[in-house]
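This document starts with one chain, in the form predicted alone, laid out as C-alpha cells.
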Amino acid sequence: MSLDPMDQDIEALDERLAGTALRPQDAGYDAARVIFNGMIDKRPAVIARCRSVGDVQLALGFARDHGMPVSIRGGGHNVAGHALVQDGVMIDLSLMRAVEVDAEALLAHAQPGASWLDFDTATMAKGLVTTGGTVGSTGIAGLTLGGGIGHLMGSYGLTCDNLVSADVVVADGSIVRAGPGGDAELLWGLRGGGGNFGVVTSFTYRLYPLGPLYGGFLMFAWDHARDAFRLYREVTSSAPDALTCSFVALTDPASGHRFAGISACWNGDAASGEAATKVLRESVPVAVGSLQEMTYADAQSIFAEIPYGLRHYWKGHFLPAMPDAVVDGTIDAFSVAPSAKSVILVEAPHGAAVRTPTEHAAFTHRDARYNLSAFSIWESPDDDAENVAWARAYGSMLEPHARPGATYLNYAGADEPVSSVRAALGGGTYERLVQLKDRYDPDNVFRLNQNIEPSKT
C-alpha cells in the first residue's frame, strides 16, 4: 500500500534524523507524548525525537516547509502542557541529556533534555553545584528559562541568574550564541523570558564549590498548622542568605492526615546550621522529621517526585509580604482541599535571588518575598471541576495581596492569558522582550509557551 504524501515526507525526515520521527501509528508514539500533566492530551502529527542540533534544525525546517505549528519538549514537566501540539511537530529533546563539567572553569555545559537529577549527578561528582530545581525529574530547560527557584537561591541567585551562555536554534533555522561572543541581549531575554526566541540546544551554567549542608523536613500536626505557618513567616522574614525554607501543606498518604511542613536548607556547616534553625525545631511541636547534616542529593530529594500523568491545575501569586489574612486563608483553603494529592507550596525568594538587578535578567518579581501556589493534583477526569475550582479559589484569595501580574510563569497554567504574561514580566521588560521576539521570531513560530507576541501580530 502506498503512503500518502505526508507519510512519505515523515519517512524522509526519519531517514535524515540521527534520532527518530514518530507518527501516530508508530510504536513508541504514545509513550513519547506522555507529559507531566495528564489533563493535556494532544496528538502531534509527528514527534521528532532529536539527538543533535542538526536534528532540531531538520525538525524545525520540516514544520516550516509544511506550515505546521511547533512545540518543544525538554523535560515535559511544564504544568501548562506546552510540550504537546495538536497536529503539529513536537521537537522532543528528551534524548539530548549530556552534562559536561569543566571543574577548573567552574562551568557546566548541558544539553536541553537533561533533568535536574542528570545535572546534579554530574556536578556533584566534581564537588560543584548551582541553584537548580527541587524535584529531580524537572527539566533544566524550562525551569531555567522561566526563573528557577531552588534551595541555594539565597546564596547564588535563581537558576536563570547563573546561565552564562546558550546556543539557540532560532526560527529561520540558524544557530545564535547568546552571551559572551554572541548576543548579550538574547542571554538577558533567556534569563526569565521563556522559550519565546528559539530552541535552546546548549546551556552553560556557573558553578560553585559544594560545601557542607544542614537541613531536612519538619512536619507539624494540622492542629498546629497556623502556628507553623506563622513561624515560617517569622523565620523567612529575616533569614540569612544561607538559609532557604519552604512551607508545605500536604496530606500524608499513609495516614490520610493533613500536615504542615517546613523544609530547611542551610548552606554551611552543621554547627552554624543547627544554631540558625533552632527556632524551627523548638518553637512548635514537631510531629515527624528532623534537621541534620546532609548532602546536596539529600536536599534535592526533600520533596517527593510526582508521577507523570496525574491531572494538575495550579494557581498562585508572588506576594511582597505575608499578612495574617493570607496565613489564615491558606490554612482554611487546604482544610477543604478535595484531593489528598494536592498541596499548597510557599517559597521565600531572598538573598541573592532578590538582589539581582533586572539589567542582569528578564525575570521580574525581585521585590517579592513569597511565592504561594495551590497545586491541585488528582486522578479522574470526573473530578476536574471541583479540583480546578479549589485552586482558582485559592488564587482569588491571594489576589488582593499581590501586585497585578504577580504570577510565576513556571507555574502558570494553559489558560493564562497573554495579558497576564505581559503583566507578570512588567511593562518595560515586556517591551524589551518584544524587541527580541521581533528580531528572532517575528512570525511567532515559538508560541506554545507563556507567549511574548511579536509586535506585528
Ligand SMILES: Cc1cc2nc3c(=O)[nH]c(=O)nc-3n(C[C@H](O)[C@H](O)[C@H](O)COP(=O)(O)OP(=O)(O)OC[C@H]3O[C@@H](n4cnc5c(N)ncnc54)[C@H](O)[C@@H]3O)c2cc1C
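Numbers for residues come from their place in the sequence shown, where the first is 1. Note that the structure is a prediction, hence the values are computed from the model and not measured.
Below, we turn to the form predicted together with the ligand, even though it does not appear here.
Asker: Does at least one non-hydrogen atom of L433 fall within 4.5 angstroms of the ligand in the predicted bound form?
Answerer: Flag for L433 set to no.
Asker: Can any non-hydrogen atom of N387 be found within 4.5 angstroms of the ligand in the predicted bound form?
Answerer: Residue-level check for N387: no, no contact with the ligand.
Asker: With a 4.5 Å heavy atom cut-off, would you call W314 a contact of the ligand in the predicted bound form?
Answerer: Output for W314 is yes: heavy atoms within 4.5 Å of the ligand.
Asker: Decide whether G216 counts as a contact residue for the ligand in the predicted bound form under a heavy atom distance cut-off of 4.5 Å.
Answerer: G216: no contact with the ligand in the predicted bound form.
Asker: Can you check 286 to 294, 256 to 264, 224 to 232, 126 to 134 and let me know which stretch has heavy atoms within 4.5 Å of the ligand in the predicted bound form?
Answerer: This holds for exactly one stretch, 126 to 134.
Asker: Of these, L250, V99, A337, I149, which has a heavy atom no more than 4.5 Å from the ligand in the predicted bound form?
Answerer: After the contact test, the surviving option is I149.
Asker: Just to be sure I understand the contacts: of T204, T330, T138, S373, which is the one whose heavy atoms reach within 4.5 angstroms of the ligand in the predicted bound form?
Answerer: Only one option qualifies, and that one is T138.
Asker: Could you pull out the residues of 81 to 119 that have any heavy atom within 4.5 Å of the ligand in the predicted bound form?
Answerer: In sequence order, H82, A83, L93, P112 come within 4.5 Å of the partner.
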